[in-house]
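The chain below stands alone and is given in C-alpha cells; this is the form predicted alone.
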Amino acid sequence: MDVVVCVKPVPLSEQEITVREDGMDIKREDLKYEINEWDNYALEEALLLKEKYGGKVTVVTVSSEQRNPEFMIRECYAKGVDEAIMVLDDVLDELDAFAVSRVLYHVVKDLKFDLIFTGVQAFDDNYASTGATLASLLGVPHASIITKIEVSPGEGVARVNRELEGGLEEEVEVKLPALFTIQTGINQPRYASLLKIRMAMKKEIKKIGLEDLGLNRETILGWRRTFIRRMYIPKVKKETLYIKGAPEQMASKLVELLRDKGVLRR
C-alpha cells in the first residue's frame, strides 16, 4: 500500500500574527512553523495503513525556505515516513490553492501510489480546495472530509466515511488509486521524540527546484486564479448589556431587544 501525503508548514497557532504594511501578506519574519494540523492526521492515517498492509509512505511539500520546511520533514521521518520530496522556491508563498495543486501535480504524477492524502484544509489560508483540485488534475477519484477509512487491497477499493453538515456522515466506496482529504479526529497522531528527530537528521530529503519540474516562476504565477486585494485584521466590536428585573420583565426586555436587532419579527 503506497501512500503519498501532501504536507504544509504553517505558522504556530499561539504566535501573534501581524499584517504587513502593504496589506498583502502577514509579517513572516521570526515566525516559527509546524506541520499543518489536518496534514498531521493525514500522515498518521498513512502510517497506520503502512503498518497494516506494508508498502511505502512518501511526503511531499511545496514551500519556501522561509517556512523552514526541513524541520517538518525531519519530524515526518521520525514518525516513520520512508521518503520525502521538497519543492523549494520563495515564489511558492505567492500562489493560491489552484497554482499549488498544479505544482504538486508535476511532482506526484510520476510517483507510484495507491492513495494520496491531504488535509481537509490548511490552518493559514483555509482554502480547502487543494486536495480536490489535485485529484482532478491527476484524473483519480476523490472524497473529502474523511473521518474513517477501510481499505480492501484485494478488491482495489476503499470504503470511507465523509463528514456532512448537521452531524451526519456518508459512507462511500471509492476505487483505487484515489485521493482523500483527511479530517481531524480520524486518529490520534503519534508523537515524534527529540531523539528520533535527531536520528532522522541523517535521512535524505529529495530537494528539487521548479526547473527540475520543467517549470519557471512566470509559468506558475500565471496559474493563479485568486489574488489578494487586501489583508487586514477586522475590528472587533463588542457590546454587553445587562438586563435586570423580575424573570417576566427580563424575558420581555430580551424579546424587544431581539426584535430591534432584527433577529425576531414583530
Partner chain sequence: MTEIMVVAEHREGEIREISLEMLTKAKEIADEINAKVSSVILGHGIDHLVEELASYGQDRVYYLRNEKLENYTIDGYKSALTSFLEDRKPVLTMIGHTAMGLDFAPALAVSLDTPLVTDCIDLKFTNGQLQVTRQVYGGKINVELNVQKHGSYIATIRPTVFKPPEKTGLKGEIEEVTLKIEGEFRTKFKGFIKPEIEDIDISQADVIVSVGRGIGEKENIKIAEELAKVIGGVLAASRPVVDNGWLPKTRQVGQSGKTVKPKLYLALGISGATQHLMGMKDSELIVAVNKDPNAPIFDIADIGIVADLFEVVPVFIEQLRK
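It should be emphasised that the depicted structure is a prediction, and the values quoted were computed from it without experimental measurement. Positions refer to the first chain, counted from 1.
The same protein has a further form, the form predicted in complex with its partner chain, not shown here; the description that follows concerns it.
- Mapping the unseen interface onto this chain, Leu241 counts among the residues with a heavy atom inside 4.5 Å of its partner chain in the predicted bound form.
- Proximity of Arg225 to its partner chain in the predicted bound form falls within the 4.5 Å heavy atom cutoff.
- Although the partner is absent here, Leu111 sits far enough away that none of its heavy atoms falls within 4.5 Å of its partner chain in the predicted bound form.
- Its partner chain in the predicted bound form is approached by Glu170, whose closest heavy atom lies within 4.5 angstroms of it.
- Remark: of stretches 103 to 111, 178 to 186, 78 to 86, 192 to 200, the one touching its partner chain in the predicted bound form is 178 to 186 (heavy atom within 4.5 Å).
- Among Leu48, Ile205, Ile208, Ile26, the residue placing a heavy atom within 4.5 Å of its partner chain in the predicted bound form is Ile26.
- Screening Leu115, Ala99, Val174, Val151 for any heavy atom within 4.5 Å of its partner chain in the predicted bound form leaves a single hit, Val174.
- Scanning 239 to 256 for heavy atoms within 4.5 Å of its partner chain in the predicted bound form gives Glu239, Thr240, Leu241, Tyr242, Ile243, Pro247, Glu248, Met250, Ala251, Ser252, Leu254, Val255 in sequence order.
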